[in-house]
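Just one chain is shown here, as structure tokens, and it is the form predicted alone.
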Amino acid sequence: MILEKKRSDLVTMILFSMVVLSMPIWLNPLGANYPDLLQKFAIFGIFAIGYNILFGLTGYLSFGHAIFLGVGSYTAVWSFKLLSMNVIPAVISSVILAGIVAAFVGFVSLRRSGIYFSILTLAFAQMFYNLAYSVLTPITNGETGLQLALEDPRVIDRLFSTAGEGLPSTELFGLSMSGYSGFYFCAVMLIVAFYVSLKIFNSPFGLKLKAIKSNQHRMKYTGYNTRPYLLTAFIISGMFAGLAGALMAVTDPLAGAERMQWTASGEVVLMTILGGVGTLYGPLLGVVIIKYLENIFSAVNEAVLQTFFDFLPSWLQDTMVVIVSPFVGEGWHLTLGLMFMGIVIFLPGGITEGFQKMKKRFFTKENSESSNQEGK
């Protein structure tokens, strides 16, 4: 049984790694194979995977996870300014500091549950946003945002090389983190994050988190103190968000207070619900759909629609353009809203639930047909 489970996990990781690393190939027909968008898929995928560990496994809805995204970004940029343009110190320090902040926020917020927990995390998000925007300007540079400068010390880099004339770029032992090399670094981090999530889902710790989501009161009656498990899940989730924030700075070395706004937390909630809460792949599906709509679907205009419908008669072509145009371009939010409404009403388990229903119906039909043939 254990051997079969390990083999199943190995197959899952191999398939997942192949899908992620080949994204530039299979996303090419969809026009989504350029590095910036691929990096967003990977970075927000890590963010959503981490958020799903808290929301998906425990049912605790947080509106404050953008805090850790912002903390990760600010920490990474400060690492680039003070230490080195190498991404390893930036990533490690961002994950650690995000975990420390998550421990503080979680310790306070987890004193309440349900809607009160959500409101507390939202309050923390607004508080940290205002701190970054106006109060802690010596650290965050306020509304301008934290950026690299020529006079930054970068003490580790100075020991081994002299400063160039222009601003340096982020690198991994000499490999630039721009373009496709930046994507593949983010992709490797996504694969590692997915592996950690897979292990948590299948571990006794993950089962306890699912039990808390199912009935926390019953867990307490059996003698379990649920607070340490919830706090641990909150910290791990915050560290995932910190990693995502660090990777944002790795691919684009700046940090701003807007990354801490509650809207960023709302976006990851939307991604998780759209794909499927509490599932391994659901949040990743939500990330791909939303980021594709935001970056590709939003660029479609009437000229593109005219080209798309040019196989139709001219009168029907113009009619179709008039009908479809409100849902593309600047109206992509309308498409997303309708999609979200449809998912919530008809597939509460997200898109993953739809796939499972299709799979179940297909196999049930196939089995019934084979049984009928055997009966004959």
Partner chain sequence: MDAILIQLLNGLDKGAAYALIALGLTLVFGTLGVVNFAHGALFMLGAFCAVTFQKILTISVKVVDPSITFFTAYKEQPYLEIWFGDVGLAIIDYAVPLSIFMAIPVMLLIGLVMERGLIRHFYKRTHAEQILVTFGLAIVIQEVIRHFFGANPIPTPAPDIVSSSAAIGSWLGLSENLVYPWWRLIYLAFSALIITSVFAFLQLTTFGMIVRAGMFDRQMVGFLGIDVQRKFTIVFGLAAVVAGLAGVMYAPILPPDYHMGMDFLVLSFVVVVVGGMGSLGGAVAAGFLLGILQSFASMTVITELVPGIDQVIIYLVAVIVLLTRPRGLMGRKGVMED
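Treat the numbers as computed from the prediction; the structure is a model and nothing was measured. Positions refer to the first chain, counted from 1.
Although it is not shown, the form predicted in complex with its partner chain is what the next lines describe.
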Tell me, please, which stretch of 181-189, 260-268, 90-98, 198-206 lies within 4.5 angstroms of its partner chain in the predicted bound form when heavy atoms are compared? 260-268
Find out whether any non-hydrogen atom of residue 273 is located within 4.5 angstroms of its partner chain in the predicted bound form, and reply yes or no. yes
Contact test in the predicted bound form: residue 122 vs its partner chain, heavy atoms, 4.5 Å: yes
Classify residue 348 as contacting or not contacting its partner chain in the predicted bound form by the rule of any non-hydrogen atom within 4.5 angstroms, answering yes or no. yes
Look up in the predicted bound form whether residue 330 has a non-hydrogen atom within 4.5 angstroms of its partner chain, and give yes or no. yes
Exactly one residue in 144, 215, 161, 134 has a non-hydrogen atom within 4.5 Å of its partner chain in the predicted bound form; which is it? 134
Can you pick the one in 108, 303, 139, 150 that has a heavy atom within 4.5 Å of its partner chain in the predicted bound form? 108
Candidate site 126, 130 and 337: all three near its partner chain in the predicted bound form by heavy atom within 4.5 Å: yes
Those residues of 78-117 with a non-hydrogen atom no more than 4.5 Å from its partner chain in the predicted bound form are 108, 111, 112, 113, 115, 116
Sense of the change in Cα distance from residue 258 to residue 334 in the predicted bound form - at least 3 Å versus the shown form: closer
